[in-house]
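Taking the form predicted on its own, here's one chain by itself in structure tokens.
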Amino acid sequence: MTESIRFLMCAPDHYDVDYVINPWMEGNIHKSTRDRAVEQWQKLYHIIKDNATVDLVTPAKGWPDMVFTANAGLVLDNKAIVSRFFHKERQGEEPHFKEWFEDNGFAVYELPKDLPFEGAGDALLDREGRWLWAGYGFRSELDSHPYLAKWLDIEVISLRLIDDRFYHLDTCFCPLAGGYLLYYPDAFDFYSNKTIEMRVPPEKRIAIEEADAVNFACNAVNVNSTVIMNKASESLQKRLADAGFSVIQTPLTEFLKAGGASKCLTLRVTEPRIEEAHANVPVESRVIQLKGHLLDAGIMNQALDLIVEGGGSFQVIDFNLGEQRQSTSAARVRVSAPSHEVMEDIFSQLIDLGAIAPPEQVCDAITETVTLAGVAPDDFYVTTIYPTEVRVNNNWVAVQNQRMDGAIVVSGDGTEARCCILRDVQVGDRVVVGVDGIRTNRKVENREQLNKQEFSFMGAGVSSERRVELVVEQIAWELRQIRDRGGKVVITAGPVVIHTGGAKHLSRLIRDGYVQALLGGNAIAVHDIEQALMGTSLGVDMQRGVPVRGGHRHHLKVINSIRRYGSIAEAVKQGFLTKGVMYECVKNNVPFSLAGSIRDDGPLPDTRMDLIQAQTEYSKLIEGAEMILMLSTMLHSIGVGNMTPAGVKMVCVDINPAVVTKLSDRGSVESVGVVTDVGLFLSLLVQQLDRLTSPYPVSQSV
């Protein structure tokens, strides 16, 4: 037993599923078996007692969830921050836990009553004592994090939860001894995953699959090299063993019915910390002001939803409702975000709704000078379709030539401002960056007009198609044969490959040697890189499949960044681009050609805007091909079909039947048409290739 490690637990004397406050409780009201719950809790209690010291808090009748002591509060050194529960069903637990902390000599801290924070369920200390991981999104508010940093004098790292099954951080995230981390990445947004990856090196990250996640494998108790959990797959057990951990499994199925397991049933009251750890939290707050028909036009709801969906939180400071139908309303809202970067994204979207800073906080727009023609400064403001003004020398200046997806260039004397597309910015131009000193004028009178004016990309879903396993099986067999004898496969692909989640599968094909050339347009490269760097494609969150507010700016940011490096290859070489289809092409020496068109933004520096030159490159890369996969791009598929000699097998995949028939109509008798979602096709193709055992030896030239 480790005497220095202590846990707090609460016997399940009054435990039951009495209400529904999380998805796990649905359908489980009063379906927990008391005797089995006691038996499972006792087993966990004795396992932990064999490895550490266990204190008990007296259970209180009427509060069935007191058994989940992880939510009692957060403890570090001799300080205890008592939880402020989000749901009224648990708020009665607070005085009981507070009393225990006081009786056991802890200095007790209490958050404001209307600021939810659910203790060690949403705040997990790094096992090395370096920082505090703090979750928000469902139960705890982001605005609680500065309090944690101040009171505990520790750095706080904010992580946003996006899957309501994993409503507390400890349901999907478990720091382990030695700097290891057991976690379920899909429970977090893109920014949080990026934050985790920046803090924890790859060799220390143990990312789990959904099957383990729903068995609450991350809701584990870690004592030195021992990990105690409800259940773990054999593969997860092996990965933990390889990292030096021994796994003890103890069934806690009765508590899973309420959405908890071993970690939820315990609160560690002795936590490590290093002397160098001091208060620091990147949470940033700003106040915005909204005026107009805020309720009629739905602007207030949009603004608040936008803040939350963007990864922030809010507090309505005041709201003055118009007294008459024609009267306007006004509101002031404090916005918080986990970092300056996230705040800038949220604030730029609020500007699109007409939000401005309060008069006392209004300042001039910030400009930076262009140093390279065709490349705007980092963090340049991306314009929308709405009339915009910028504040220069304490005056609001209307932006001329208003258009979407441009930069704002301010004249030398500050009397004029204009929209300018990226490729037209010149050395010496003053370009607006950030979000200060910018406002838009949106005159929306009602919900109907708002819906007509609001724009977003890819708002509609994609219909499913018939099963295609049989044709995929044949294509996979052909691909394996071609690769193993050193043949050549060319892929021409459109951006739909990225939009439908096919990027990881296409990347895999390139990495495994199935692709010898890639043909496409500016868009597939732009959105592939957008997904690799920002987690979106055409502004759609690739984890959740929903448009991100302000996501229509992302591809412009990506183009600008690659233009700064001068080429995709250089961005890979310098470590800026580290994954994705284009990354794999560069890393695996797979040549690619991007043919431009009149509709291209940017474009990327690799894109051939001289179409004669692009056609020549296409023809050269097609030479010697035995198979061409044409993935959801009518324009490039037909173009490639027209320059491909007979005898080359062509596979055209598109959700639109007209595309796959057009190729055959043009005389391509060796073509196979597959009418399906291209993302599904690539997923099935990779799965089938994994099942194959080739009769051919792998060519040394591959």
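For every residue, the number given is its place in the sequence shown, counted from 1. None of the values given here were measured: they were computed from a predicted structure.
If you look for the form predicted in complex with arginine (ARG), you will not find it shown, but the lines that follow are about it.
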**Report entry** Proximity to arginine (ARG) in the predicted complex (heavy atom, within 4.5 Å), stretch among 425 to 433, 283 to 291, 165 to 173, 144 to 152
**Finding:** 165 to 173
Query raised in the report: Can you check whether Leu267 is within 4.5 Å of arginine (ARG) in the predicted complex, heavy atom basis?
Result: no
Report task. Look up in the predicted complex whether Val653 has a non-hydrogen atom within 4.5 angstroms of arginine (ARG), and give yes or no. Result -> no
Query raised in the report: Any chance Ala11 has a heavy atom within 4.5 Å of arginine (ARG) in the predicted complex?
Result: no
**Report entry** Asn71, heavy atom within 4.5 angstroms of arginine (ARG) in the predicted complex
**Finding:** yes
Report task. Name the residue from His555, Arg160, Arg139, His499 that puts a heavy atom within 4.5 Å of arginine (ARG) in the predicted complex. Result -> Arg139
Query raised in the report: Between the options Ala258, Ala523, Leu132, Ile529, which residue brings a heavy atom to within 4.5 Å of arginine (ARG) in the predicted complex?
Result: Ala258
Query raised in the report: Is any part of 8 to 42 within 4.5 angstroms of arginine (ARG) in the predicted complex by a non-hydrogen atom, and which residues would that be?
Result: Ile21, Asn22, Met25
